[in-house]
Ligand code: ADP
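Next up: a single chain in structure tokens, the form predicted on its own.
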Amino acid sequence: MMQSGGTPIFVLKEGTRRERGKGAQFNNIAAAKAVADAVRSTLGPRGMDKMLVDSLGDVVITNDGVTILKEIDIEHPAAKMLVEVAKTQDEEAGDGTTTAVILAGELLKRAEDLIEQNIHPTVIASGYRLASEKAREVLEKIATKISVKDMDTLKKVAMTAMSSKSASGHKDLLSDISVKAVSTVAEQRADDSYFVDDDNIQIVKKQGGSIADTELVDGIIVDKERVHPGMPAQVDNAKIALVDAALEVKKTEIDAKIEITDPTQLQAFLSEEEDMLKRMVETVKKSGATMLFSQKGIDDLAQHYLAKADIYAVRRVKKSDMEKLAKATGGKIVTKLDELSKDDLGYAKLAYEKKIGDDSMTFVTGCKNPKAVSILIRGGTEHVVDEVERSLEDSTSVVAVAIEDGKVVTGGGSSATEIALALRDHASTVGGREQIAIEAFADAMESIPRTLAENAGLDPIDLLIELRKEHKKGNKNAGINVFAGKVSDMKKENVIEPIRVGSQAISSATDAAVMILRIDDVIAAKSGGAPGGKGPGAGEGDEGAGEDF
């Protein structure tokens, strides 16, 4: 800003970069599009994987959208918003992260064309919001209801989530495991709805074997071995004590000095310590427990007495594992050892120690009504095991949200095409400039089937025309069969996903696009990631952005 005398006034620190107007908007849109393009090729069963190498040289091989975006070190502030879209989608629906990011990128790309035609960003934003509401209405209309007992449909939901992952060769086995695990831990509420807490499904990874060796345990796997070799390696009809207290002689809180003047006192002191530990073990034995899990330590001498009493003991068990054990066995975690009684004990039909790879683990199986289960993942290499874990997390999440919402829709671009058609019809009834934005939203929705076709090496234009024709005829489930290279009924092809995957993707993509569109001025401090910095999509022409004002 110049004074009348011509001396510039610096309002902001020297070196601050500022970009405003269309320049700022287009730069932000370019950055967001670059992020969407980075994950675009991973969409669908024919999508490719990415190899990500971090600064320490650690390698991650995946096609999971949210994992890719978390691993990439993104600097551009607008691009970071798209990473947030993927994270939100992952937390809320568990799958559809790539879809959400592609949709957000596409909405911004369409908005860029509209801004160039001098349509104001707030008009575009309000049109997008109207379209988003209508899109979610359409999803509700085309959704079909399912229940927790509908195992067949739930398995199809799990298989759809896995079909794009590298573990898809074993999707039959893995989807079976996912459905059994989720339906076991699903808890019914008073209003007959269901709630699934993913934390009750414990996933334990062990390298070695093949993916086919992955198994579901109707109980808990504790990654610890028994503390003493003299203890039984297997316990039938185990009565399990869960103790959050140490079986050790307590150290005093304050500095204490014990003065021993003759040898008999020393012997008495040691005997007293021994008796204390003996009494602790007696308490455990008296409760009727045949197994003990302690969250804290177990003294060597206590281990000896426990072994003599034929009690299988494990120490320093993680708090999360203790909580899962309590849920699975029906036991109560006791914080005061003296108060342990037979009412606090959990039950398992069989508990045993088993060596897997180099480590011995404790398996607690055959629980009566386990509200916590474990999945033991096996695979040839560390990267395979990690990718199977990501696939299982996705599939258990989608099965969980399908049970919670009780509604599913068809995939393969069928829902997106149905929404696009409905939005084009709806646009003409809205009137005003917003209808142009609603039509742009419809075009953006069609980017999902288009990308699926492109990734499968098919002609996207021919398939889109075919898709529209089928949907006009009233075939709501018509989608792209990427394996056959044609349009077919997705219900018959068993491509089914929970309604939340689609509705959450639309909501988060719209919110992010609207937020980015409404920015017309970017002021970046010197040290921060400037909008024209090194982040993806940093455009040229950023020089001179930090003029005097």
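So that there is no doubt, residue numbering starts at 1 and follows the sequence shown. Just so it is clear, the structure is predicted and the values come from calculations on it, not from any experiment.
The next section is about a form of this same protein that is not shown, the form predicted together with the named molecule.
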With the partner left out of view, is Met490 within 4.5 angstroms of the named molecule in the model of the complex by any non-hydrogen atom?
yes
Should Ser163 be counted as a contact of the named molecule in the model of the complex, where contact means heavy atoms within 4.5 Å?
yes
How about Leu452 - does it come within 4.5 Å of the named molecule in the model of the complex, if we only consider non-hydrogen atoms?
yes
Quick one: does Asp95 come within 4.5 Å of the named molecule in the model of the complex, counting heavy atoms only?
yes
Only one of 24-32, 40-48, 512-520, 54-62 has heavy atoms within 4.5 Å of the named molecule in the model of the complex; I'd like to know which.
40-48
Could you check which residue among Ser175, Thr417, Thr99, Ser447 gets a heavy atom within 4.5 Å of the named molecule in the model of the complex?
Thr99
Pick from Ile499, Val482, Leu69, Ala524: which has a non-hydrogen atom within 4.5 Å of the named molecule in the model of the complex?
Val482
